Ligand SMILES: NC(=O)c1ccc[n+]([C@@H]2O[C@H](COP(=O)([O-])OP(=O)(O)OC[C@H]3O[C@@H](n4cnc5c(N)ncnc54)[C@H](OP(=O)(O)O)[C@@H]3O)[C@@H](O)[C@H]2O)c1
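Here we start with a single chain on its own, the form predicted alone, put down as structure tokens.
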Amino acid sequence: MSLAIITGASSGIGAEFAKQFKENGLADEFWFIARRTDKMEALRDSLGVKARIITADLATEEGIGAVKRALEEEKPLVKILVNAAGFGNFGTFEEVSERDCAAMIDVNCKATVLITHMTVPFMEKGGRIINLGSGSCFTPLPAFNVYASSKSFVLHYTKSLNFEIKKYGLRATCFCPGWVETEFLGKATAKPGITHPKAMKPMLKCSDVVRKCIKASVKGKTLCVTNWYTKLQHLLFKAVPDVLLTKTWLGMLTKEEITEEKEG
């Protein structure tokens, strides 16, 4: 049996990894980790696979602890770990609450590190780790600051991790797509009156970007940037000063004013 552990498995990119691992024969047993039990159960049933469901909020110590206890109790042999759980909000310093800032850091950074740290001792030689980065991780982005910064952390963490886990016969890939058709963007822009991009294009299919990431991971690549637009951004971010890129980004933002309806 080949076991894949996937965080953020209830929908979007996490669920798509599970589907494609099953289709490609890369895994036939799963651990799904997320907050929504019903979604994970539905995914398990639709795939017809053996899956352990771990309902956990990875922004909390209790959620991280639930995963650690499961690993210590079962001592599984893990082939693939996908850290796909993520949380993000658009908004300027004044528009994003301290609570949301902390949650982005806890899920995107802290949970990625801790889940990886506790899983590596149970991974088989030749195993793969996939950490979800972002096309936003290459340059400073006002009004997406904490999220983009957290994903920059994930990128550098993954690059360094590769050197540290090489002796175990393991490899890690940081997966950096652009705008992807998932629940994430709707939630990130859900609050009215929040500064956000005027348009999020090109919008990519979840199945396409995940397929490319899996190929990159199998080849042992450290970084996977999935489409021409994001690859172009990556190259520009290397060549163009941050201040110019930031000004360009600022020109792409908008803020819809909140208006109160008047009683007639």
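Every value quoted in this text rests on a predicted model; they were computed, and no experiment measured them. All residue numbers refer to positions in the sequence shown, first residue = 1.
What comes next is about the form predicted together with this ligand, which is not displayed.
- Stretch 130 to 138 is the contacting one of 68 to 76, 163 to 171, 92 to 100, 130 to 138, since its residues have non-hydrogen atoms within 4.5 Å of this ligand in the model of the complex.
- Residue contact check for residue 59: one or more of its heavy atoms lie within 4.5 Å of this ligand in the model of the complex.
- At the 4.5 Å threshold, heavy atoms of residue 20 stay clear of this ligand in the model of the complex, well away from it.
- Proximity of residue 123 to this ligand in the model of the complex falls outside the 4.5 Å heavy atom cutoff.
- Not displayed here, this ligand is approached by residue 34 to within 4.5 Å at the level of heavy atoms in the model of the complex.
- Contact residues in stretch 81 to 113 (any heavy atom within 4.5 Å of this ligand, taken in the model of the complex) are 84, 85, 86, 87, 107.
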